[in-house]
Each structure stands twice: as C-alpha cells, then as structure tokens.
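Okay, here we've got a single chain as structure tokens, the form predicted alone, with questions on binding and movement later.
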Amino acid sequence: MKIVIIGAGVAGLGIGWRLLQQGASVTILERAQAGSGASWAAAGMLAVTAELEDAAEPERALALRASALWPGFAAELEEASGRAVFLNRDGALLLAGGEAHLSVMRARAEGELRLVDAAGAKALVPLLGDTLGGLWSPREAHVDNRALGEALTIAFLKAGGLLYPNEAAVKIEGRSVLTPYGRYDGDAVLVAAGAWSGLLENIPIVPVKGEVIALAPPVGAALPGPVVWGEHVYCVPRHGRLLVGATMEEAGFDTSVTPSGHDQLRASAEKLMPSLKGWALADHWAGLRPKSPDGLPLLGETATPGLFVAGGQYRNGILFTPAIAAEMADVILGKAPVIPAFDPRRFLGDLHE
C-alpha cells in the first residue's frame, strides 16, 4: 500500500514510521523542514496529570495509553535513529492557586498522586516562594521535543521512507496530492499538517498561538528538578535552561513573539519562584497548536474515501505521539476501527465538500 502524508511533524513522522514497519510505502511532503512546526515549538511535556484534569474520558484514555507506551517507544526510537530523545521522568509539581483549588487536588490525590503542603512542595522545589502546596505526580515525564523530531526523521528515512521538505501541498485530488513542483499519487492520503490542515480540506482545525520563553540561571543557581505548574504556566528544566510557557491566543497564523507575551510568562514564573528575577532571557519563540471545535483530536478517515486526517492534538501532541502513530497506522491499513469520539466525520457529518 502506498501512502502520501502531508506534514512532517511528530504525528506524520511517527505514523509514517509505523506504516513502513508494516510494509507500506510512505512519502511525506513537508511545507518547511521536518519537525519545524508545533513539534519544534512545544516544551515536550507528557503531562497526563496536569493537562487532562478536565479532559473527556476518550482523551484521557488516549493519554494513558500514550503514557504507557512512551518508555518503550523512546527506547525503540533511540535504537532505530541513534539519537537520544531525553525522556525524563522526574515528576511534576502542580501548585494550588488557592484553598478551593487545593481541595480539588486533595480529592485527586490517590495512587501515586500525593498532596503536599507548603513544606513538602519546597522540599521538592527549593526555588518556590510562598505556596499552599499542591499535587505531586512522581512519574510525570517530559521529552526533548526537538530531539524527538530529529530522531523520528532519521528513523523514518532509515526505514525506507521518502521525505520532501519545502514541498507544500496546495491541493488534494482524490488520492493524489499536488504541490507547486509535482503530483504525488497514493492508495491513501493522510493530512497531518497541524494548524495548517484546514487550509487543504474542509477540516475544522484552527491555529492557537503559544509563546514560550527560556531562562538561563546565573552561575551557581540550580534548575528545579521536576516540572512545575502554577499561575497558569509550566516551567520545564531542559539542558541547562528553564522553559516557561505558554500563552494562548487565536491570532491566525501569526508566529511573532510579543513583549506582552514575554512579560506575562515571566511575571507568572517569578511569582512561583521569585529568584527567577535574576535569570537571563535566553530565548523566546512562538508556535501554533492545532485545535478542533470540541478540543478533541481528529483521527481517522474523512467522508472522502482514502483521505485520512490526524490532527487537532492541541496541547498534547507530544504526549499522544506513540499512541497516534500506532493507532493511525492500523486505521489506514484497515486493521483497526476509528475511535468514535475522534472520528473526523463527527463535525457536520462531512469534512469534504
């Protein structure tokens, strides 16, 4: 079976890699460079606890499957690519925003999730300022998303896939994709173009801009060990810097960074950890999350036979990677049914007019 995939983010690359392993022929067309969109701009969190507090059950189930797959997926990918993806399982501390929030956290504290008071929180993260405490998730993980994109690109190519960067899809005709430079025919077409997916077909995905800053500690200062959540931001230690994100704004396809975005992120981080006021700004960037109308992914065949979509991962694209790679490969090859909650045809009954 010959598959043409539009988009070389972690979803397109992961699905393509799994399809190749099952004997399919796969070509990926990428409008820019592999792994350079939302996959590059993310902070790499595998945030089952923090991001999915109010998630619908199907999304929670997908997240739990993906989380369970991540250790084996990372090891397999590192072996196949020869590149580390820096999977880190040092946990996450979710700080309460007030007494009411702390009560909600208390109700969630079961199994590995443990409620900690102010002293317990500061024992985990000495940089913290005033706090009521919060929820400690000891196995919460994160990965270097940029290294992940590189590793998936290498694994995909080594498995025999074809990848064409700077080859923007401009039109889909049946099971063929047209670019400014050529026509690519397949037995099936998969749209995995992130926030840009809706520009190709009537796929209800819109971009949601997110800005992230990176802070560098002064000499002698230590990064926090776990990921810290609070004040509507996350703080992720990564290769000697602290990533702080992310803003949320529907601003079309604008990826410019703004002083207001920087100020918002920095003020929130400094409220959590006052000593960050002395840390230098090392970087500032923005990316576009792909969001569907109901916030759930679109995973499956559209109303047009042979045309599939893997999109709408929104804030959890990195977390979902191993599960979406495996499940979408099976769906495309006819080995598994579409999960009803993620069926692309749930919106207006038709994505292709």
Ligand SMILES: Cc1cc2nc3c(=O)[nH]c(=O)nc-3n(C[C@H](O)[C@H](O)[C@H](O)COP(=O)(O)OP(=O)(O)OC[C@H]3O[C@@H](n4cnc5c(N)ncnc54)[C@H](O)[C@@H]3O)c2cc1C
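In this text, residue numbers run from 1 along the sequence as written. These numbers were taken from a predicted model, which means no experiment stands behind them.
Keep in mind that the form predicted together with the ligand is missing from the display, and what follows is about it.
For the candidate spot formed by 38, 45 and 314, every residue has a non-hydrogen atom within 4.5 angstroms of the ligand in the model of the complex.
210 is the sole member of 217, 210, 186, 230 with a non-hydrogen atom lying within 4.5 angstroms of the ligand in the model of the complex.
Of the candidates 147, 200, 154, 125, 200 is the one whose heavy atoms come within 4.5 Å of the ligand in the model of the complex; the others do not. In the model of the complex, the ligand sits within 4.5 Å of a heavy atom belonging to residue 196. Put simply, residue 326 is far from the ligand in the model of the complex: not one heavy atom of it is within 4.5 Å. At the 4.5 Å threshold, heavy atoms of residue 300 stay clear of the ligand in the model of the complex, well away from it. Proximity of residue 77 to the ligand in the model of the complex: non-hydrogen atoms within 4.5 Å are absent; the residue sits far from the partner. Partner proximity in the model of the complex, defined as non-hydrogen atoms within 4.5 angstroms of the ligand, places exactly one of 275 to 283, 257 to 265, 126 to 134, 162 to 170 at the interface: 162 to 170. Counting a residue when any of its non-hydrogen atoms is within 4.5 Å of the ligand in the model of the complex, the hits in 215 to 253 run 234, 246.
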